[in-house]
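Below you will find one chain, with nothing else, as structure tokens; this is the form predicted on its own, and questions on how it binds or moves follow later.
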């Protein structure tokens, strides 16, 4: 087996594993309120991975990678943060007018190889990968992974600063502001993949609180050449959006498999 063949096989196995997990467990960040008015406000945020949307029944989302970005691009510290068995919770003081981004993001590499008759596995950053010399292991399989879980809260009028592109993985570039969504009204969201329009990706949109609904309430969409999706939320309430993309990236002059995911929670208001 060549090194590249081994890498592709590893990606297939990883993809199957993650797909199985995704079908049962969904990560989400849910603020107590999405839109507010006034000079200063405060919200509470729940974060979990669960079988049912917005009903914590699997395990808490780790707070280690959670960050809050203010409308001016500055970091906002979490307050009164705690994690239990099934959910994490924290408060955010809103002192600036505009849109805040609340998110959990991570990027890194997965590696596997045979050594001394045993299968070894490793994960970490690109810097750690180089320092540990993992890429030089015989028949090593490498995969890059990038994930983002986000939601947006607006105090006063919506702003666009928090939608700046970092150029890694799937990112949201909305035509319709996530805090300006109304049931029965057509909206459009755009996505980029590694900084370019994410054409042809599959996006799922699910109405929340599915624990109390017979039907799944899921809409499956495919982005156009500009990375855009368009749909109409039929009912008011919180929604969960999920997108995934697979491809390749260059690492040390070689192409390796890449898997990236994006999740957003947003609200459709009564029209």
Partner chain sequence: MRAILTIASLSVAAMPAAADELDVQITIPQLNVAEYHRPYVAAWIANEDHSVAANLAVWYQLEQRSSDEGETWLKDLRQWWRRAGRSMDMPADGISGPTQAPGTHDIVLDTETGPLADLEPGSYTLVVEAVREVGGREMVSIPFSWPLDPAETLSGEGETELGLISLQIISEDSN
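None of these values were measured; they are calculated from a predicted model. Numbering follows the first chain given and starts at 1.
Heads up, the form predicted in complex with the partner chain isn't pictured, but that's what we're talking about next.
### Task
Decide whether residue 82 counts as a contact residue for the partner chain in the predicted complex under a heavy atom distance cut-off of 4.5 Å.
No, residue 82 stays farther than 4.5 Å from the partner chain in the predicted complex.
- request: Would you check, heavy atoms only and a 4.5 Å threshold, whether residue 39 touches the partner chain in the predicted complex?
  value: Yes.
Since only the chain is shown here, I'm wondering whether residue 127 would be in contact with the partner chain in the predicted complex (any heavy atom pair within 4.5 Å). Contact check for residue 127: no, nothing within 4.5 Å of the partner chain in the predicted complex.
Note to self: in the predicted complex, does residue 106 come within 4.5 Å of the partner chain, counting heavy atoms only?
What the structure shows: Residue 106: no, not in contact with the partner chain in the predicted complex.
Consider the chain as shown here, without its partner, and state which of 165, 196, 157, 132 has a heavy atom within 4.5 Å of the partner chain in the predicted complex. The residue from 165, 196, 157, 132 that makes the contact is 157.
Problem set entry | Position in contact with the partner chain when the complex is considered in the predicted complex, options 179, 151, 192, 143, heavy atoms within 4.5 Å | Looking at the other structure, the residue within range turns out to be 179.
Location of the partner chain contact in the predicted complex, chosen stretch of 220-228, 205-213, 27-35, 60-68 [non-hydrogen atom, 4.5 Å]: Selected stretch: 27-35.
Practice item. At a 4.5 angstroms cut-off on non-hydrogen atoms, which residues of 255-271 are near the partner chain in the predicted complex? List them in order. Key: If the 4.5 Å heavy-atom criterion is applied to the partner chain in the predicted complex, 255-271 yields 269, 270, 271.
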